[in-house]
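Given as structure tokens, the chain that follows is alone and in the form predicted alone.
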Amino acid sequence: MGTSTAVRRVVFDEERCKGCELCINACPKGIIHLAKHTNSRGFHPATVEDQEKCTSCTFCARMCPDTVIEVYRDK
């Protein structure tokens, strides 16, 4: 199964993310990290590369002070 067919369970609004890392600490799977690139505000936004490991627990979204994270669950 390639990453192009993977369901995106966690979506970050990278332009609004300030890279505070609270979501990284909240993730029980340890799959969130800061991107190498920066957004237009100069912050490294949080991202998930291995979406298949996400359980859609919403811990990251609940921890985010700027509500930049949307979590989706499989139907």
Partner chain sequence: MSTRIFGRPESLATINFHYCPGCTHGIIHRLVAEAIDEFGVREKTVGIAPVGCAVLAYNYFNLDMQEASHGRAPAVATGIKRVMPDSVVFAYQGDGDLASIGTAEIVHAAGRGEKITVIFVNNAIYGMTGGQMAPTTLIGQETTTTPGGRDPAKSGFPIPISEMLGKLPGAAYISRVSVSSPTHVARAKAAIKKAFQTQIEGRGFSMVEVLSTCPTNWGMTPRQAIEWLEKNMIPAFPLGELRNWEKEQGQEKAQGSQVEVKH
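These figures come from a predicted structure and were not determined experimentally. Residue numbers count along the first chain shown, from 1.
The form predicted together with its partner chain exists for this protein as well; it is not shown, and the discussion that follows is about that form.
Novice: Using heavy atoms and a 4.5 Å limit, would one call His37 a contact residue for its partner chain in the predicted bound form?
Specialist: His37: no contact with its partner chain in the predicted bound form.
Novice: Taking 4.5 angstroms as the cut-off for heavy atoms, does Gln51 touch its partner chain in the predicted bound form?
Specialist: Result no; Gln51 lies far from its partner chain in the predicted bound form.
Novice: Wondering, does Ala26 line up within 4.5 Å of its partner chain in the predicted bound form on heavy atoms?
Specialist: Yes, Ala26 lies within 4.5 Å of its partner chain in the predicted bound form.
Novice: With the partner left out here, which residues of 51-69 have a non-hydrogen atom within 4.5 Å of its partner chain in the predicted bound form?
Specialist: The stretch touches the partner through Ser56, Thr58, Phe59, Ala61, Arg62, Met63, Cys64, Pro65, Asp66, Thr67, Ile69.
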